[in-house]
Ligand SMILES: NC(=O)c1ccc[n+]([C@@H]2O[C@H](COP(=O)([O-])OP(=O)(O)OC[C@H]3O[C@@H](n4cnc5c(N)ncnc54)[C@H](O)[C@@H]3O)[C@@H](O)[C@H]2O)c1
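There is one chain below, alone, in structure tokens, taken in the form predicted on its own.
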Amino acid sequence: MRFAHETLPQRVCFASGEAASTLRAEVERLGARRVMVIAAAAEAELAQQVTADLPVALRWSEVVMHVPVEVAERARAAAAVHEVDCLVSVGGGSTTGLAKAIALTADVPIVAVPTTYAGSEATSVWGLTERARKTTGVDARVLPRSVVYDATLTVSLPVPMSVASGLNALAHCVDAMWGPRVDPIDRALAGEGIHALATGLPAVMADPAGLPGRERTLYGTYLSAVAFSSAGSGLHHKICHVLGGRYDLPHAQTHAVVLPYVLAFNAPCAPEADRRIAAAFGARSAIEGLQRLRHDVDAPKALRDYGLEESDVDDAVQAVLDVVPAGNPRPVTAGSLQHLLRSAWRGTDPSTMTDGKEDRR
């Protein structure tokens, strides 16, 4: 065994019902005096509650999915005018993503307060979209200095969105199993993350207002993000970044739909990952375990349900091919990728995918 693993320098505070007091303590610990609170309009009331005791210099509500460059530039300018010395993000991945875009150029710390299961708060990955192209990168400056996890803040997240967001987190775990920088620690974290999400999401379905399922899912989200940030972006995320940036598809639902097709494509050529994922699900195979979970939580099924046109499939093939990770377990061709995307567009059974043959139906 030989590997190099880098642990991200981040403080994680996990306690249900304590977001406001924990957040105040974390901001004080950083010595911040002029805080910029970033929260979408839909989260404004919640953000007001958890940030009431902070020295807020600016509240920012323009939050847009996939973080368009022009939105980031406006937020950066406002942060500079108000001489902000700390960013507090209250919300999901788009909100955290905007805070990261500001930190990338302003070099100020972020304290993230997640209200979904996006996982962006635990990674050093940033993403910006310009002219229908999403660009991502890794930079230590965008890693939130602290994360305040409070499961009560996710209770208001509707069950369908909770499912999609949780499956997005699970996609981090799966991609981490064969990411370009994967190591044994990443795989261990990802395995535990899959198990936590596979038990947490059905509990959220059964009792949306209950905390045990929400806490379990939030815990799995953190593990998934740490594993993914270390292992690097695999085929699944490359596909979803192209689809999201190019066609403005909803982030979580896109990940939830695409995941089983990438897993069915890669797993036969990644037997160790297949075994680990299957074990985390308590299933005979990785795809069996994932499909069982997707059935139990009524997961999103087809890209055509979320705005992707059939003609977009062929258009996306080359854009994805240009960013396929070199170390993917299985070679990716235009034909195999077209078949994968067409299957995801239709929502066909991923276990029936052929070995890279173009689907001519």
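Residue numbers run from 1 along the displayed sequence. Small disclaimer: the values here were computed from a predicted structure and weren't measured.
This protein has a second form, the form predicted together with this ligand, left out of what is shown; the following refers to that one.
This chain is drawn without this ligand; in the model of the complex, the residue among 184, 271, 282, 158 with a heavy atom within 4.5 Å of it is 158. Note on contacts: among 258, 197, 190, 252, the single residue with a heavy atom within 4.5 Å of this ligand in the model of the complex is 252. At the 4.5 Å threshold, heavy atoms of residue 134 reach this ligand in the model of the complex. None of the heavy atoms of residue 102 is located within 4.5 Å of this ligand in the model of the complex. Proximity of residue 143 to this ligand in the model of the complex: non-hydrogen atoms within 4.5 Å are absent; the residue sits far from the partner. The closest non-hydrogen atom of residue 227 lies beyond 4.5 Å of this ligand in the model of the complex. Only one of 283-291, 260-268, 205-213, 91-99 places residue heavy atoms within 4.5 angstroms of this ligand in the model of the complex, namely 91-99. For a residue to qualify, one of its non-hydrogen atoms must sit within 4.5 Å of this ligand in the model of the complex; none of 8, 22 and 35 qualifies. Looking at 54-74, the residues that come within 4.5 Å of this ligand in the model of the complex, counting any heavy atom, are 65, 66.
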